[in-house]
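Shown here is one chain on its own, the form predicted alone, set out as structure tokens.
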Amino acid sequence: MSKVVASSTKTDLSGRKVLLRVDINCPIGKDGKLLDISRIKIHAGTVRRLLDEGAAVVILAHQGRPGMDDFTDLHQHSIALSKETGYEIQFVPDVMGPEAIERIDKLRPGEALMLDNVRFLAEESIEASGEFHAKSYLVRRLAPHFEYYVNDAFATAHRKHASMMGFPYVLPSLAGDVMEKEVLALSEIKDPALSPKMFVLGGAKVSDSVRILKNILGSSFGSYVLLTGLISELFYLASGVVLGKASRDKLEKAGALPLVNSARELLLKYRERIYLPPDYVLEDGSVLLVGKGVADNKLIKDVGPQTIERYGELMKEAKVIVLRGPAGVIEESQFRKGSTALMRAALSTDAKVIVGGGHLTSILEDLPESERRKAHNSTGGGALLLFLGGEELPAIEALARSAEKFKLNGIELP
């Protein structure tokens, strides 16, 4: 059944007071400074557009989790966002207290302020329904002071938190620029007309990859998976192919050995839709041909030239290509070749290409603009993984509910 999510780009918000939820959660160094502001740069476009159009914008965001080293206030974030937008983003060291309310009420069109870390509130850590969160103190305190709620935090769309779920039940709620782009790009994965779909999965998150595979292969018969990285080594072990002691030890250290039976079951059921690398590059630079040798104590560090060629040919047939997780140990420059080559192969096709953020973003950003502009680089980590695993994202469901409740027109999703 299709659903509608209303769009902030198609709604006149001039002169309106808007509560904007973003995800500007940044890496924090040991000195307490922001190490990377990529997410701030991404959301700056939404903030700038709303201010250019004459909205009064109050930004709600989080940083880290309670008890973690990166759990800090958002003062630095407001300074960085000010530089990126060209507007002064006033910082308020309060979330929903008297100072926050006073500053919100005084805000004029074309002005913006950023409230402090919403996770300073204990109730923000509660996972619950929209109905539950609509009654939270956060929503009851802030909602009466706004005319619209805009959710631009796709990377947090899998969280059932008050700031994500509660406001759509009491305010007309819209998808921000980043959220809209993500929703449109990722909804294409579910379009049965776009087939075949190929998922190039790698990286070290083996348990996540196995869960994703179960959903992808079980729910979409037009999908194929091309495995790389540690997940491919797990599937070789499950199939009875010995790659070497170092490979098995690495899987054991990663806690992946209990997943061997799950991998074996997937191979038995979907073998014709699962592809494994015919070769690997080892830590000494030599190439291991699978089935024609054993790596002994040498670690696998990348996919080999035959894999790059084979996967490149397969991707030419795809209508949608999703790349999630690097093919090798890309932290070491000599082992970035496989990931880079597979990225380029995907971008050279006529398929719609979606890159699952994280480490692959660095591979994409190394390419010339003429190549990388074709890809949709998803901001989502956990959100993207859950979406690829076939699960609905709570925040998107909440936006759809709001569009229905408040009779808002917007983007129709499958």
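One-based numbering along the sequence shown. Note that the structure is a prediction, hence the values are computed from the model and not measured.
Here the subject shifts to the form predicted together with a small molecule, a form of this protein not shown in this document.
Let me know the one among Lys298, Arg336, Lys205, Lys197 whose heavy atoms come within 4.5 Å of the small molecule in the model of the complex, would you?
If I apply the 4.5 Å criterion carefully, the residue I get is Lys205.
Among the candidates Thr228, Thr156, Ser163, Ser173, the residue which, in the model of the complex, approaches the small molecule to within 4.5 Å (heavy atoms)
Exactly one listed residue reaches within 4.5 Å, namely Thr156.
Verify the contact flag for Arg119: yes if a non-hydrogen atom of it lies within 4.5 Å of a non-hydrogen atom of the small molecule in the model of the complex, no if not.
Close contact exists here: in the model of the complex, Arg119 approaches the small molecule to within 4.5 Å, heavy atoms only.
Given that the partner is absent here, does His43 sit within 4.5 Å of the small molecule in the model of the complex, heavy atoms only?
No, His43 stays farther than 4.5 Å from the small molecule in the model of the complex.
Verify the contact flag for Arg372: yes if a non-hydrogen atom of it lies within 4.5 Å of a non-hydrogen atom of the small molecule in the model of the complex, no if not.
Taking the distances in the model of the complex, the answer for Arg372 is no, it never comes within 4.5 Å of the small molecule.
Does at least one non-hydrogen atom of Asn25 fall within 4.5 angstroms of the small molecule in the model of the complex?
Within the cut-off, so yes.
Stretch from 86 to 94, 328 to 336, 103 to 111, 205 to 213 whose residues place a heavy atom within 4.5 Å of the small molecule in the model of the complex:
Among the candidates, contact is made by 205 to 213.
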